[in-house]
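Take a look at this single chain, the form predicted alone, given in structure tokens.
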């Protein structure tokens, strides 16, 4: 049985692709919150509502979340996702408006209404999750499992030499979430940079006639143009789609556990996901030191099967 999720996102291009794929393959959304990151939070909420319309998903409340990080200025990434966050495709306004209340309040409310019944998945900066924890420190008792698309362990960062964007956009929030007493899985660049679309994948998506596929192909054009600066050929990584795919099918990967914290002070390393890679069996059997928490990471990923599932999802009617 597929797990229901409460999704926290900053809907740009890969968030949109993730929602299209997840809902096409039977994933259940109980609610969505937007956050600053790829675009400002109100734009992210509007984009989410539009993507849900295209996916034919009704009855999912979408709340606007945090407008800025906890302790640093707001920075957004329209240079990657387009001024509208959806590849400058000039989408019509969604028919529905955002639900009342904030995304953090929605997390707390839904957790109390449905304790233990959903997984929390964050594919943007973690400000809303941190605010929800500050509102209700008992939240991890009600939401036992959290998936986060974020971090870089043994590969370069994508916003600084060592930091991944979702963690870097709000390092204090990320540290609060990691320190929470819930099971955290970080889907890092180590995994997502393996999950690159191939020419045959892109041909299958652009050649499909469904509304879902045609929308995916349209927003991908801009994303592919941007990624040509960094990756040879015409391709892009599937960062956010991988995080949601793992909730549907955890057997896409094997996993390892590492003691983790987020660097908050370094001038050039702020926002870096720091892991204890020493592999000391004695220390691994002990509780991590203060400020460190055990976090689950992907070890081996079945890239071919993931890509096949993703293409099938976004090309489905």
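Residue numbers count along the first chain shown, from 1. Note that the structure is predicted; figures quoted are calculated from it, not measured.
Note that the form predicted together with beta-D-ribofuranose (BDR) isn't included here; everything after this is about it.
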| field | Sole residue of 165, 213, 245, 153 within 4.5 Å of beta-D-ribofuranose (BDR) in the model of the complex, by heavy atom | value | 165
| message | Going by heavy atom distances of 4.5 angstroms or less, which of 47, 34, 38, 273 would be at the interface with beta-D-ribofuranose (BDR) in the model of the complex? | response | 38
| query | Can any non-hydrogen atom of residue 120 be found within 4.5 angstroms of beta-D-ribofuranose (BDR) in the model of the complex? | reply | no
| said: Using a 4.5 angstroms cut-off on non-hydrogen atoms, would residue 15 count as touching beta-D-ribofuranose (BDR) in the model of the complex? | reply: yes
| request: Consider residue 189 of the chain shown here, and say whether it contacts beta-D-ribofuranose (BDR) in the model of the complex, taking contact as heavy atoms within 4.5 Å. | output: yes
| Even though beta-D-ribofuranose (BDR) is not shown here, does residue 158 get within 4.5 Å of it in the model of the complex, heavy atoms only? | yes
| Heavy atoms within 4.5 Å of beta-D-ribofuranose (BDR) in the model of the complex: which stretch among 196 to 204, 235 to 243, 174 to 182, 134 to 142? | 235 to 243
| field | Residues of 138 to 156 having any heavy atom within 4.5 Å of beta-D-ribofuranose (BDR) in the model of the complex, listed in sequence order | value | 149
